[in-house]
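Let's start with one chain on its own, the form predicted on its own, as structure tokens.
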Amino acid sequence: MARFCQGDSTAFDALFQRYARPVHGYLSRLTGSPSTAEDLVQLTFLSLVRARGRFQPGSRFKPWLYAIATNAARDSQRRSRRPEELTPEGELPASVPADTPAPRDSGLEQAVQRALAQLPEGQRIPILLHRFEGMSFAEIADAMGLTESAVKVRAHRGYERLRELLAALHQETQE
């Protein structure tokens, strides 16, 4: 990022190559729509270009980038409150198509996605960044503009709520 801030355009290409796919995965999980995530990845990197002058030398790049991506998703959600990608019958699809191979248990995947969608954003984002993006709580705190303790509390509460939401599913698999 330091090279890009100094005017090296090939450095941007390297950043895009390295981070576009993980950011897309994060945004897909956050929005529930791979096509929306694709648009948001483009907006994220466009915002990165526009905001490069505000990047603090010595700062960690990944939390800064994910903060931009999260803000792009929030802005997009505020702008469009209507459902996208309806079936020909005008209903929401039962599952979201994935660019990656199907998970071993698509029913479980869908149940987890539904449970995650029920969490407040303040709990869902730390879980997505920690569990699926592998970010540390310190990095998440930087990205969200919170203390590390606050992020840990939000993640803990979110994981507890997920356990509650998924308890019925767990009981079904035990029977």
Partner chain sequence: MKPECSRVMDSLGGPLPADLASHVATCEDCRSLVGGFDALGAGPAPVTPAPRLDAARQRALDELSAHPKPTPWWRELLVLLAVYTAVLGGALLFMGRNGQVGNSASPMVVAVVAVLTLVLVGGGAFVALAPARRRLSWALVAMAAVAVAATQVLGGSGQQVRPPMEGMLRCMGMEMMLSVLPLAAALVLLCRSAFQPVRALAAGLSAAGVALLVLHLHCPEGTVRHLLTAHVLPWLLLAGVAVLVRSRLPSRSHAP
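Because the structure is predicted, anything quoted here is derived from the model rather than measured. Positions refer to the first chain, counted from 1.
Heads up, the form predicted in complex with its partner chain isn't pictured, but that's what we're talking about next.
- Under a 4.5 angstroms non-hydrogen atom cutoff, its partner chain in the predicted complex has Arg29 among its neighbouring residues.
- In the predicted complex, Ala51 approaches its partner chain with a heavy atom inside 4.5 Å.
- When its partner chain is considered in the predicted complex, Gln77 lies well away from it, no heavy atom lying within 4.5 Å.
- Contact annotation for Thr147: at least one heavy atom lies within 4.5 Å of its partner chain in the predicted complex.
- For the partner-free chain shown, Phe4, Cys5, Gln6, Gly7, Asp8, Ser9, Phe12, Asp13, Phe16, Gln17, Ala20, Arg21, His24, Arg29, Glu38 of 1 to 39 come within 4.5 angstroms of its partner chain in the predicted complex, judged by any non-hydrogen atom.
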